[in-house]
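Coming up is one lone chain in structure tokens, specifically the form predicted alone.
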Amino acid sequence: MATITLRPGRERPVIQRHPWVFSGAIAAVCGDPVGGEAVDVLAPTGDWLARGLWSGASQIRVRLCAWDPSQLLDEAWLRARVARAVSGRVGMADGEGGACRLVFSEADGLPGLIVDRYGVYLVIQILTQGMEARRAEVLRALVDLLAPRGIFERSDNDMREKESLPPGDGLLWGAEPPDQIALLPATAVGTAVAPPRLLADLRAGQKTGFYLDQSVNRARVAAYCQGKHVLDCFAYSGGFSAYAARAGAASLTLIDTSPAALDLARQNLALNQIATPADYVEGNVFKVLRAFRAEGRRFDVIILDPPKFANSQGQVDHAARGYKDINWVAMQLLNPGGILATFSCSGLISPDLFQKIVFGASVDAGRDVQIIERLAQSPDHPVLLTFPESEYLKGFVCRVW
């Protein structure tokens, strides 16, 4: 087994079980590891620290998986990690059409592997050389442990490119999924709002077909929508709007740049026999909000759930300006005492920074804003304490005076 020796002073994160070793932390490589091969990581003194999977094409050269020298990164290890991850989601996706994330990469000790359950189908992402080298083992484990009807790959090709891997999409095992599948996002079960069934497009939809990480938050935000006029920005397939309607919203306005997304939102409201008046606005949210302000439009609840604004450290300042802008205009559109549910899924935007951004927007808008709830990703997207990067989704429910 090849060994990786760290530079002096770079061993602390490894000792504290952070799963990434960057190229700049490496002093020497003994051996000639190939992509995906297991390697041992040594302290500058030569003491053994951890074992991980090598990726010579990435800035993250080693993704650590074991801190026990007797633990081999073999098929038995992988199967046990998948089984452990699945056991942690028991009860989250029961019943027909249940949907949740079953494996969440580093947070579940399987760097580069995402597995989402959509009813009887699994959609997976294989994002690193370590998991690519174990593709057949991953499929065997999923088939044996979960007995799905089919396994479909929807790997993020930009992330695979950073690992010098070719695109990864298409059917891997079993039957092709249908064009659309009706889901019951499991973590909504037990909330005060009766959960709607929501359609997902496993082949072409966002992420692996649906935003599972907002399952709990849709129900939480809906609790503020009874009898209210609701504006759903970056609405995508209308998940927040469907929950709001179930909670008794007086009206819905949905904004998205994609006509296909808005059409899916219409289908979702129709699927749940929702008669709440709904206006579908195709356009850029930044421009539409300004147009509404010029028209004197007002709302009781505004939901801001934008896509990721920062994909690299160099984009953080630009992203912060974007988040501040939409929150600033949204605050101006709210009736006194109205609710702003605002989110950021950019992992590089910390919760503290996001709060500062919303604070700045409140000052510029001249409104008194109270945070009444703090929201995060759903429980099927756990945060590993030694890997704070696994906490990426943050949100505030605010009352705006």
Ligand code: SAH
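Quick note: we count residues from 1 along the sequence shown, nothing fancier. This is a predicted model, so every value here is computed, not measured.
There is also a form predicted together with the ligand; it is not shown, and the following applies to it.
Participant: So, Tyr118 and the ligand: in the predicted complex, are they within 4.5 Å at any heavy atom pair?
Facilitator: No, no contact at 4.5 Å.
Participant: Taking the ligand as it sits in the predicted complex, is Gln273 near enough to touch it, meaning that at least one heavy atom pair lies within 4.5 angstroms?
Facilitator: No, Gln273 sits far enough from the ligand in the predicted complex that none of its heavy atoms falls within 4.5 Å.
Participant: Is the gap between Arg218 and the ligand in the predicted complex 4.5 Å or less for some heavy atom pair?
Facilitator: Contact check for Arg218: yes, within 4.5 Å of the ligand in the predicted complex.
Participant: Report whether the minimum heavy atom distance between Pro307 and the ligand in the predicted complex is within 4.5 Å.
Facilitator: Within the cut-off, so yes.
Participant: Decide yes or no: are Gln206, Tyr236 and Phe240 jointly within 4.5 Å of the ligand in the predicted complex, with each residue judged by its heavy atoms?
Facilitator: All three within 4.5 Å in the predicted complex.
Participant: The ligand isn't shown here, but in the predicted complex which of Gly283, Pro166, Gly91, Gly227 has a heavy atom within 4.5 Å of it?
Facilitator: Exactly one residue meets the criterion: Gly283.
Participant: Give me the residue from Trp328, Trp77, Phe292, Tyr211 that has a heavy atom within 4.5 Å of the ligand in the predicted complex.
Facilitator: Checking each option against the ligand in the predicted complex, the one that comes within 4.5 Å is Tyr211.
Participant: Given that the partner is absent here, state which listed stretch (102-110, 156-164, 227-235, 135-143) has heavy atoms within 4.5 Å of the ligand in the predicted complex.
Facilitator: Heavy-atom contact with the partner occurs in 227-235.
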